[in-house]
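Before any questions on binding or motion, here is one chain by itself as structure tokens, the form predicted on its own.
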């Protein structure tokens, strides 16, 4: 079983377009949407939820109003300014609270407790393409990296149970904790970039993250023909970094039309982008056979 993670240095490069097309092209696979802060793979795959689970990624302080005497010692030590006095009552701002527990430690009345909070959900769903494990992090929810790990672990369990050949992971953009959690244990990372200055800069950063963790990395330049000069610069950088550019997908209005219809572009039409993405899938499989 091989894990393929599709990532990007920045948002909007077409990462989910590629991951959704791979879901359509691959046989015997499980999909995992690890972009838990802004999950959108479900828009293309139309899942039917079979299992729903709560996710607790942090802790918050809770004040027992019956015990609280209003001494304000908790307010004095809270470095996050999460404890405030409103209408003569001491209350906790759940958004600002980091659950560090200092307030509980200093409270002379033992009126404060630290509780786990539910700040997201994760799901196991069925789609016409196969199982999908995905999640939704609550507004201002923390520990998205931890939720990504939960999604990946359960995708692996589903894949092992169904004897799947692939786990196709739609990873998050950027280089933060969720990205690190997404690429951990992957057999190959496909970086989808675009020929813009921000796309080039952020691609370099995420390549550095993948290299640090020893993940085999290949690059796809999406909408490459919008700026051929920048495309050439990306190719030159990748060549110096010993990274293969395995695909250059042209700008294609068929992609937009497919997104409007909420379907993978490879199913929408046999357009130039569809043909290139199909070829990209073949090349990714070849890279997996070659190993690291």
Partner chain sequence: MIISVASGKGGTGKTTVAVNLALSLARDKPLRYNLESLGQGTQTYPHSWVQFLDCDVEEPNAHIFLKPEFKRTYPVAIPIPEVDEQKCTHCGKCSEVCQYNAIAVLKDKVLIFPELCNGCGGCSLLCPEGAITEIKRTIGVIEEGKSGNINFSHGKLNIGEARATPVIRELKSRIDSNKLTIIDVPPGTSCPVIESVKGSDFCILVTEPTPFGLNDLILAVEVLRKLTIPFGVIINRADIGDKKVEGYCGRQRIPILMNIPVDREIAVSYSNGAPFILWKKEWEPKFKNLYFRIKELISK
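Fair warning: this is a prediction, and the values are worked out from it, not measured in the lab. Residue numbers count along the first chain shown, from 1.
Form predicted together with the partner chain: not shown, discussed below.
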Answer key, the partner chain contact in the predicted complex at 4.5 Å (heavy atoms) among 92, 71, 218, 77: the residue is 77
Assert contact residue (the partner chain, in the predicted complex, non-hydrogen atom within 4.5 Å, options 163, 110, 153, 198) equals 198
TL;DR on 219-227, 24-32, 62-70, 242-250: the one with heavy atoms within 4.5 Å of the partner chain in the predicted complex is 219-227
Subject >> residue 42: touches the partner chain in the predicted complex, heavy atom cutoff 4.5 angstroms >> reply: yes
Review point. According to a 4.5 angstroms non-hydrogen atom cut-off, is residue 208 in contact with the partner chain in the predicted complex?
Key: yes
Please determine whether residue 38 contacts the partner chain in the predicted complex, using a 4.5 Å cut-off between heavy atoms. yes
Q) Is residue 98 close to the partner chain in the predicted complex, meaning a heavy atom pair under 4.5 Å apart or at it? A) yes
Across 158-184, the residues having a non-hydrogen atom within 4.5 Å of the partner chain in the predicted complex turn out to be 173, 174, 175, 176, 177, 180
